[in-house]
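Next comes just one chain, in structure tokens: the form predicted on its own.
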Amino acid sequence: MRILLPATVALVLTTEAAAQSAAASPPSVFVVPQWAFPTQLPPPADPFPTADSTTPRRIPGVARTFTQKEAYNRFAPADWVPAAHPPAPGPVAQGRRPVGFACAFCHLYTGAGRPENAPVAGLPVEYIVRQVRAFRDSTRLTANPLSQVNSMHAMARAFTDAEVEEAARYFAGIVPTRRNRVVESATVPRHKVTGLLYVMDGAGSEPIAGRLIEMPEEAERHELHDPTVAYVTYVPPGSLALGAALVRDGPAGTMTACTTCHGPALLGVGSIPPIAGRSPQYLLRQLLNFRAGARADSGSAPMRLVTEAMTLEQMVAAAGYVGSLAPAAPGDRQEP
């Protein structure tokens, strides 16, 4: 999904704790980095103005073919591997015209999502419904320095409550898969922003400089909405060990440890979502969203407290480590 956004600006956010102690000491600030929200202005009209409508495209191991134009259809997304998911209900497969794109267009029929949007497979029904409601009433925004809103705000208002629950039940019943490998490295391959995604750009590398950079191993397959394409995430050296310690011990003691709420293997507890094996870039964005107060719905308070105790380095480490773990099946969630 591509969004028209204004030119780059910097966003500096002051934490509540810093604001309360401003009289005693200079306020601390937390800067939301733009690199965590890759954003490029799309073409002024149709994001896919030159989509080929004649050449059959293929993905490895799949007999089906689709043209680029068919793969980019927002109201009938290409279903490359029908056997990989149950029959998709209307909101997932067709959406609601004229504004409500099919859920599968961004999140795919398998619910695996892509780095620029949420992996929703295996999430609890009530969690999905609650998040769509938060987008609808704008209590869930984004900390992207370029825009506080994204395409989900329009999507959430396009569907009825019954359609949202129907889609939530569909995605909740799908076993999630991990398509990402996490690599510790002092450098990252040369890359550029295309839409809302990092893609490799020629030969050579550059210092990673504390960043988390996720990109598809084959950009064309990503653009064809291939549910089997692999992704690679680069994180600074030492991130996985630091992330493991944060998951276990928390940034401010065990009460802020990831395992305290999400379960010992991060496979979810009741309506608290499983987070193991999900897109590291998506996980990092959510930590930043909580830290910046962009996620302010009723269920966000615990995570806002946790992230207030975290540095950007710790967020990168936690997102990289959690994304490297084996994901949860729907039946793996614990009862509270």
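Each residue number is its position in the shown sequence, starting from 1. All of these numbers come straight from a predicted model, not from anything done at the bench.
The protein also exists as the form predicted in complex with heme C; that form is not presented, and the subsequent description refers to it.
S.K.: Looking at 234-242, 174-182, 80-88, 250-258, which stretch has residues with any non-hydrogen atom within 4.5 Å of heme C in the predicted complex?
M.R.: Result of the contact check: 250-258.
S.K.: Should F159 be classed as touching heme C in the predicted complex when contacts are defined as heavy atoms within 4.5 Å?
M.R.: Flag for F159 set to yes.
S.K.: So, in the predicted complex, is E214 in contact with heme C at a 4.5 angstroms heavy atom limit?
M.R.: No, E214 sits far enough from heme C in the predicted complex that none of its heavy atoms falls within 4.5 Å.
S.K.: Taking heme C as it sits in the predicted complex, is M155 in contact with it (heavy atom to heavy atom, 4.5 Å or less)?
M.R.: Close contact exists here: in the predicted complex, M155 approaches heme C to within 4.5 Å, heavy atoms only.
S.K.: Report whether the minimum heavy atom distance between T67 and heme C in the predicted complex is within 4.5 Å.
M.R.: No.
S.K.: Identify which of A71, V199, C106, I208 has a heavy atom within 4.5 Å of heme C in the predicted complex; exactly one of them does.
M.R.: It is C106 that has a heavy atom within 4.5 Å of the partner.
S.K.: Which listed residue (G293, G270, P302, P56) meets the criterion of a heavy atom within 4.5 Å of heme C in the predicted complex?
M.R.: It is P302.
S.K.: Judged by heavy atom distances of 4.5 Å or less, which residues of 133-166 approach heme C in the predicted complex?
M.R.: Contacts from 133-166: F135, R140, L141, N150, S151, M152, M155, F159.
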